Structures are given as structure tokens and as C-alpha cells.
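The chain below stands alone, shown as C-alpha cells; this is the form predicted alone.
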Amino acid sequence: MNDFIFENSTKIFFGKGCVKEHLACLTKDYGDTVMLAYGGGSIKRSGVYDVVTAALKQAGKHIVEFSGIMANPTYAKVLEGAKLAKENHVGLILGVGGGSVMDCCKAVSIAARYDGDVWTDFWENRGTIDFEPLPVGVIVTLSGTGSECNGEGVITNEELKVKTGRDYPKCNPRFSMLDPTYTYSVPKYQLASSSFDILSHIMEIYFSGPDEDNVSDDISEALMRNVIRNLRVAIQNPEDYTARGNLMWDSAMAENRIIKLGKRLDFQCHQMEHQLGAYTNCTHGAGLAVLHPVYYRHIYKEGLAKFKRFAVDVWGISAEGKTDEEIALAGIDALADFIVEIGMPVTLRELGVDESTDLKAIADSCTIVTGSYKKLTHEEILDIFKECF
């Protein structure tokens, strides 16, 4: 394994009723005003809003609402939240929702305590946070991004057509509350999309060096099998507590930095989807589902041994009578079949991309990452987009 330094400061509260039991006590040290951040009206329809606001009122908090956080949070929305936090002397940002809400809250936490150019200094470039961001706590209602256990926020600058993510440990939530029952009302398509995002995070760590015997790869294989098994159960029975709970913890484990330790990491496919989303605003997990099989067919030969292991140990492909290349391709085919099984799109057209979309501009805007088994060119990224079309 490569050398590493590990840090994760987030305290996790997991289980049914954890919000009602712990939230009032958790917020007592963060001043008089809490900014309650969320997306649309789903937390009100599900009853989560009432539970959260009751706990905050029990704690004697003044609540400032910051709603309307979109699926791909924009830099403009971040600045709106920062302005609201400053004007109301907010002591804690409480994000209730999925990854988009959590990401936006972390970006707001920086912007609310910084007077410079936040985009240039912390998103376009990786900055140094030599101040204390506004504290953030989160209540998860949709599992997928793993944002509940790290300092990462993915933000879209609509003006520049750039979608980028940065992980700042100082932005880790002070606490994260994971009640699997809060995810019961998530529609099946959204469940499948967010769960595929979990699988994508794990695969992109797994399909990178070093490939010698290491703890991270063994954990990753177990997590991938768990996501596949429990997503199938949850699609059939959305209120299966065990399946929902497992998917929640899979999400956290995929992005709490543990399985990244000692690995080089390959987030090329995520980078490609980010730019696709910056230009088209497509659903993140769905975009990844379209790209992953095609991307892997472009790089599997350079990582043949690992792709063979993926086929055998994750998908249960028999190696008997097959070449290593045939086994590896069978594993990628199994992944592609699973994407169809869970109802995810398999072409860019299904995401709303049409002939008017400038795929070359999107490809040229993609960052070339260094962790992949095969370093792509912008021309090959364009080829992948065309094959996905």
C-alpha cells in the first residue's frame, strides 16, 4: 500500500429515531440561530421537516430557512446561502437531504467565513483553509454521495460551465444523522441512481493501483457485493429496513476516506460525468451508469488482472475455459446488465443529450486524471461520449 495520513472528524448517529433522540442536544453549543438547509418539499411531505424543526425549537433555536437547493448545486446558490448566514449571524448550518444539499452546505460554510473570491480560491484551485468554516451538521434523506462523512462539496459554476469537487477536512460535518427510514419515500429511479453513485465511488477506488494484496481492495469487493445485493432488495421492497440501512452505510464507507487509504484513485469517469452535468444538468448517478461500462472497455486491458478479479469476486463469473480477457469483459458485461436491471439509462440520448449538444466542447473541458490504469486523451474521451450517444 502507498503511504497515507488518515483523518475523519465526523460523529455518526445511525438508526431509527436518532434525529428525535439526539438533535436537540447536538445543537446546544452552536449559538442561538440554526440555518435549516434543504431542497424542495420532500422533507415536508415525508414528515422529516416536522421532526427536525420540533427538535430545534425544543433546543430553543431560532430557525432561518435556506431552501431550494437544486440537484446540481450552483455557485450562485452557495453565495445566496452565505449571504443569508452572514446576515442572520448563523451558528450552525443544518443540511437535511441528499448529497446536493450536503455539498452546498459545506461550500456555504466556507463562503460565510471568507471575504475573498471563493470560487477561484477554493473550487477552481485547491486552497488552504486557515480559518474555521461555519459548522455544518447533516441529516441524510438520500444515500449515495457519501458527503455525510467527508469535507467534499461538488459545485457547478453555471457561467463557466465547470462542475468541480474539493474535499476539505475542515468542512467535514460535525455530526451526521443516518436514519434508514428517512429514505423510504425516495422514488425507485432516484434510489437506483444514488445507489449506482455508491457503486461508482467504490469502483473508481478499486480500479487503481497499487494492485498488490491490500486491505482497501478486499473491503471494496465486500462493499460492491453489498450494494448490488441490497439495491436489488430495496427496489423490490422500498421499506426493507435492513437493505436501506446497508445502503446508507455503504454510502458512508465508500467516501469516509477509509477505502481510499493507500490507493492511487481513478476518478476519470466521475470527472467526465461532472462536465457532462455542467453542460446538460443530467442526473449524476444516471450519467455515471451510461459512462462506466464504455469507459471500462477502453481501459480494461491496462488493468486486466484487476478487471478479472472484479468479474470473479464481485459478479461470480466462472473463469473455467475462458481467457483472462474474456473473464474481464464478462465482468464489464455483468455491470452493464445490472445497470439495465435497475432501470438506469444506457445512452446519453436517454439523459436528454441530442445532436445540438457539443460533445467535443464537453470532452475538451474534462480534466485528465492521473490515477487511471490508462491515461486518456481528450480525443478518446470524445470517442467515449460518442459511443455512449
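When you see a residue number, it is the position in the sequence shown, counting from 1. Worth saying up front: this structure is predicted, and the values here are computed from it rather than measured.
Below, we refer to the form predicted together with a small molecule, which is not included among the displayed structures.
Residue contact check: S208 to the small molecule in the model of the complex, 4.5 Å heavy atom: The answer is no: S208 has no heavy atom within 4.5 Å of the small molecule.
Evaluate G99 for contact with the small molecule in the model of the complex, applying a 4.5 angstroms cut-off between non-hydrogen atoms, and reply yes or no. Although the small molecule is absent here, G99 would touch it in the model of the complex, with heavy atoms inside 4.5 Å.
Exercise: A71 in contact with the small molecule in the model of the complex, heavy atom 4.5 Å: Output for A71 is yes: heavy atoms within 4.5 Å of the small molecule.
Is K263 one of the residues lying within 4.5 Å of the small molecule in the model of the complex, judged by heavy atom distances? It does not: once the small molecule is placed as it appears in the model of the complex, K263 has no heavy atom within 4.5 Å of it.
In the model of the complex, which of the stretches 170-178, 294-302, 208-216, 99-107 has residues with heavy atoms within 4.5 Å of the small molecule? Going through the listed ranges, the match is 99-107.
Though the small molecule is not shown, can you say which of K306, H270, K77, R113 has a heavy atom within 4.5 Å of it in the model of the complex? After the contact test, the surviving option is H270.
Using a 4.5 Å heavy atom cut-off, which residue among Q275, N230, S220, N150 comes into contact with the small molecule in the model of the complex? Checking each option against the small molecule in the model of the complex, the one that comes within 4.5 Å is N150.
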